[in-house]
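In the block that follows, a single chain appears as structure tokens, in the form predicted on its own.
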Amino acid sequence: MSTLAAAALGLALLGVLGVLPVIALLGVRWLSLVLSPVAGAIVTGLAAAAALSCGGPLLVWSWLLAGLGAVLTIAWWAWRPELRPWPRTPKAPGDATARFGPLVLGGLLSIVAAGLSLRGLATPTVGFDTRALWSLRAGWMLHDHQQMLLDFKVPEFLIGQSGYPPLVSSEAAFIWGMTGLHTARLEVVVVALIDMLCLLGLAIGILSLGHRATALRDGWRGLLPAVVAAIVAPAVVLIGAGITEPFLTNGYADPMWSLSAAGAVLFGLILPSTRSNQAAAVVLLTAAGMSKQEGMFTALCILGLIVARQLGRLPRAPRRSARLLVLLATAGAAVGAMAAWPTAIAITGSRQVSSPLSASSTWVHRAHAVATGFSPSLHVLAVALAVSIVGGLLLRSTRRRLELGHDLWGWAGLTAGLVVVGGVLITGSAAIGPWIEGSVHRVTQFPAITGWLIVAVWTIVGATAAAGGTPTEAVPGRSAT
């Protein structure tokens, strides 16, 4: 089987693992199609934790967990038939064809942009960390239980990073096992495709905002936000790919956690607080938290911000208690999924990265070095800050009509990621200069992408205000995607 065929089959199988829970959470939407393989990758991460701690093959655990999720989903639909996500025809004001035309074009352009962004795969490169860690662990995860324990526990291996979150390795191991093709090249291609699905998720979020904005105005001028969204969405794909290259196409985990966390900020903190958007945010932040350690800490911060945002939107009694319980249960499920692998590592006594803290007297110097090292990669934050200030002064009423989250929520999520990676560098004991020089491109991907998302959202808000026309009733509840 060729690498391309194996990658396509593997991506489809990951989609099968995650499709029913995603549809139950998000409904029948294009976003569900994009996030199903991401959810499937989460299932394989949970399966890896079960295989390490309890024994049994990762493939068996993956299908067992997927089957359990499918059974629970079907039981939920049987108990609450009103929540079945059968397609409904939305009532769009005005000419629906005209209003959806720009969005369809934007979706097609985003797919083309995604294809162009994968051109790096034409060169069969495999990153150093990919060979030394992510692909290596994928092979360990396919061993029998005793050998897997030895692989993760024997201290002579001197690979403390083997305790890193499992997602990149577990999805590769699952596809290796299902296709019979065990190559680092296949892992690189699959990881790149999952990353690109996360980028397309960002594009769908932008397009959904454009659709929502067209419902605020009548007349042809009301199409302006959709047209702008159709331009901005593929631009976000290209920019995101540019920020994450070359790691996007050589198997590293950094683009996966960065893109997933940025998507969680977009859907959970910026876009309207619908059930579908919040569910998408939970899926994405769980993927971020199961991809890399800095992704885990950033995801926990974003989850806390999402919960805080939702606490301010809880209805009054008697529904308040039930909604609060659902909110806390959802947050608990996400935390539990992210904690499964660290728990398995701790239970089995497997290797983990441990390094002493630097002396607190050096933290000011290290903080200055971090700020100096980060600044060339984060020039977009100056642009985003200027746009946010102007938008906050001139476009607050339009943003409020679109039911977007306050701009500070997005900035809080971005800042959380910066604090996490900056805090590790400041308090770590490694020489700060070489450390920043070797990692700055990777650890600044999340704030850079999120900064561009803030600019993109304000651009559509500005287009909505510029459209003018007669205000109409906003589309309630659910977005088009």
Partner chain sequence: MSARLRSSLAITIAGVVVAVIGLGCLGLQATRANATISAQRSASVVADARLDAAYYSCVDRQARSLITPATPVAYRSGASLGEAVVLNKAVASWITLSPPGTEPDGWLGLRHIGGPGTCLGDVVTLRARGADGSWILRTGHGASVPGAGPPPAPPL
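Keep in mind it's a predicted model, so treat the numbers as computed, not measured. Residue numbers count along the first chain shown, from 1.
Separately, the form predicted together with its partner chain exists; it is not shown, and the next lines address it.
- Taking a 4.5 Å heavy atom cutoff to its partner chain in the predicted bound form, the contact residue among 323, 143, 309, 275 is 143.
- The contact with its partner chain in the predicted bound form, taken as any heavy atom within 4.5 Å, belongs to 122 out of 359, 71, 122, 78.
- Contact check for 7, 291 and 420: none of the three has a heavy atom within 4.5 Å of its partner chain in the predicted bound form.
- Using a 4.5 angstroms limit between non-hydrogen atoms, residue 63 is distant from its partner chain in the predicted bound form.
- In the predicted bound form, none of the heavy atoms of residue 46 sits within 4.5 Å of a heavy atom of its partner chain.
- Although the partner is absent here, residue 245 sits close enough that one of its heavy atoms falls within 4.5 Å of its partner chain in the predicted bound form.
- Contact check for residue 228: a non-hydrogen atom falls within 4.5 Å of its partner chain in the predicted bound form.
- Screening 388-396, 365-373, 327-335, 262-270 for residues having heavy atoms within 4.5 Å of its partner chain in the predicted bound form returns a single hit, 388-396.
- Using a 4.5 Å cut-off on any heavy atom, the residues of 440-461 that reach its partner chain in the predicted bound form are, in sequence order, 442, 452, 455, 456, 458, 459.
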